[in-house]
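As structure tokens, one chain now follows by itself in the form predicted alone.
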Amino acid sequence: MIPEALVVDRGVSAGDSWLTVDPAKVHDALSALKDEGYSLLVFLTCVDHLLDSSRNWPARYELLYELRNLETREQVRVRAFVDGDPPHIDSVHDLFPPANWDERETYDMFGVVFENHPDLTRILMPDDWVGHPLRRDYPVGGEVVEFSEEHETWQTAPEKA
């Protein structure tokens, strides 16, 4: 059982178990869960709660780690909330090697810095790209799109006599 000192909150939502952990203890919490048999990191992602005032979020960014126990087929979602510009959290690539790619993607799209990551570089966007496209305050648009009123989008078949 994961030590309660690592858990801030816990619950079940739509049948899925979840835990909220202190971001400073995310590595310890995932290590304890791995020791319990949760050996597969299904995914790691981020949610930017910048414009969501419908709930009182503890921080702007919510990192989500979905773990699965392959023997019991149980899953648990681990949540950690971080703030900062840029936000920082410990890397878990040493516990779950596939996290390397997910952490790079989260860094690239949201700007979350994963401490002790071996190669925290962009993975989807060009190296000279400015900003993080999945942040809610990232400017959308800016490219001119040309439309033509004369362009026919639908052609009808000729009528038969």
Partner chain sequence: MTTEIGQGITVDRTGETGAFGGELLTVNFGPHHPSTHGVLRLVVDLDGEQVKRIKPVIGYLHTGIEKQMEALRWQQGVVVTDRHDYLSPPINNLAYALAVERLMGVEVPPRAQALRVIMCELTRLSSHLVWMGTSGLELGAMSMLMYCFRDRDTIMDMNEEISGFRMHTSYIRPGGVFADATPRFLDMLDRFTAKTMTKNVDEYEALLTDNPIWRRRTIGIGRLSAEDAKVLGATGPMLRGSGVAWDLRKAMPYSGYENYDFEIATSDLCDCYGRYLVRIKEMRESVKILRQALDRLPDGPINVDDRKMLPPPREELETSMEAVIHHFKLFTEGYSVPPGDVYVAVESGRGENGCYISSDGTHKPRRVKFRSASFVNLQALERMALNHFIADMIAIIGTADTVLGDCDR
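Residue numbers count along the first chain shown, from 1. As the structure is a computational prediction, the values presented were derived from the model and not from experiment.
Another form exists, predicted together with its partner chain; not displayed. Remarks below refer to it.
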Exercise: residue 120 in contact with its partner chain in the predicted bound form, heavy atom 4.5 Å: no
Do residue 9 and its partner chain share at least one heavy atom pair within 4.5 Å in the predicted bound form? no
Do residue 124 and its partner chain come within 4.5 Å of each other in the predicted bound form, heavy atoms counted? yes
Can residue 91 be called a contact residue for its partner chain in the predicted bound form at 4.5 Å between heavy atoms? no
From 33, 44, 112, 26: within 4.5 Å of its partner chain in the predicted bound form by heavy atoms is 44
What residues in 75-104 sit within 4.5 Å of its partner chain in the predicted bound form, counting heavy atoms only? 75, 77, 79, 97, 98, 100, 101, 102
